[in-house]
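One chain follows as structure tokens, the form predicted alone.
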């Protein structure tokens, strides 16, 4: 079976790569890190004008109505370029609304996401070692109380989709951030490019979005998008390491000629290709609504985190002493790696989810 993307998705990837190569990358990331703005508003508006926030939104709500392949491609290129904009968050929120939203919820929020007037984020974490399978935030009579932290791109957001405890486990709720009982505060994280924040909800109005089963379905979809974002960042780190190995000279030789460096580069490529195979399978499962969606999403999440962690760390090692300095761009990929690991639950959470889904499959097949 061929899990590769369609020609339309590949064309979109080429367009996105060319755009982000020209408008984003480490130099833009460094400028964002050193600036006071919460995100790059000009870059964001350009992305909105290109229709990428509308890619998955149905035509009935002002969008383009593309398949989930488009969201995967855009997430990967945003990750590859370190773009300081909330595109990945918008794509994850759109998937939640498409999969779980009522007709009224979709009509209220999707047109704004499509035209960029609504900046949506998602949040499940509650600090510390929180698990996506648990939530301390509570809902009573349509009002939500609790704290969600960290949330990427929160300062730029106008709407949030957050998890809260329910009778059958956590479920999602939509919160209008302009309403009462909403507090937003910036926090420091390792990722200095994508700003994170803490969302404090004190009796804020909350609109239920699906049920507990729907929440776990959204986790799978968000994990697939996150896998492509991680692969994009891993690819950029690997490309940076290989380019340096071809350029840097030591003891009269390019360091890429030494076996130890060759092996590091080859291992990066192998881990990345393994992650890509899992991610493409998961993207197919998401689009097809295949029964193996959970195990495919979990495998993609685990493999992509492994590839990103290895590439980000080996990129620093191959650069030697300069790789540890503030002036080196290696830091951006290492820091983004740490942020993406925490963005949707740890590697251990997803590895356990993979094992459980495989056990369930085997029980059904027995």
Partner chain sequence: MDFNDTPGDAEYRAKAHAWLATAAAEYRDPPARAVSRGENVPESRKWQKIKHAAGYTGITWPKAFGGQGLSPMHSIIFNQEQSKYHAPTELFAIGLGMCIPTVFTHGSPALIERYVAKALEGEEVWCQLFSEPSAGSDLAGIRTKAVRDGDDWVIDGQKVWTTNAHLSDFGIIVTRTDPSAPKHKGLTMFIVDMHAPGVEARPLKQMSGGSDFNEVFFTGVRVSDSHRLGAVGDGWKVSLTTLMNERLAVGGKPGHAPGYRDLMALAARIETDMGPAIEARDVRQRIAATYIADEGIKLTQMRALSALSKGEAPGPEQSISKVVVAKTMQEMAAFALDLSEASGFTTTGGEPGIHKLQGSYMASAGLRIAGGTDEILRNIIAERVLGLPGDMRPDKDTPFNEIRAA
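Positions refer to the first chain, counted from 1. As the structure is a computational prediction, the values presented were derived from the model and not from experiment.
Below: the form predicted in complex with the partner chain, not depicted.
Although the partner is absent from the chain shown here, 257, 277 and 283 each have a heavy atom within 4.5 Å of the partner chain in the predicted complex. Interface residue remark: residue 4 is counted as part of the site for the partner chain in the predicted complex, having a heavy atom within 4.5 Å. In the predicted complex, at least one heavy atom of residue 238 sits within 4.5 Å of the partner chain.
Put simply, residue 273 is close to the partner chain in the predicted complex: some heavy atom of it is within 4.5 Å. The shortest heavy atom separation between residue 138 and the partner chain in the predicted complex exceeds 4.5 Å.
Scanning 330, 303, 47, 55 against the partner chain in the predicted complex with a 4.5 Å heavy atom cut-off leaves one residue, 303.
In terms of contact with the partner chain in the predicted complex, the residue from 190, 250, 187, 266 that brings a heavy atom within 4.5 Å is 266.
Heavy atoms within 4.5 Å of the partner chain in the predicted complex map, among the stretches 111-119, 219-227, 257-265, 149-157, onto 257-265 alone. For the stretch 340-366, the set of residues having any non-hydrogen atom within 4.5 angstroms of the partner chain in the predicted complex comprises 347, 348, 351, 352, 354, 355, 356, 358, 359, 361, 362, in sequence order.
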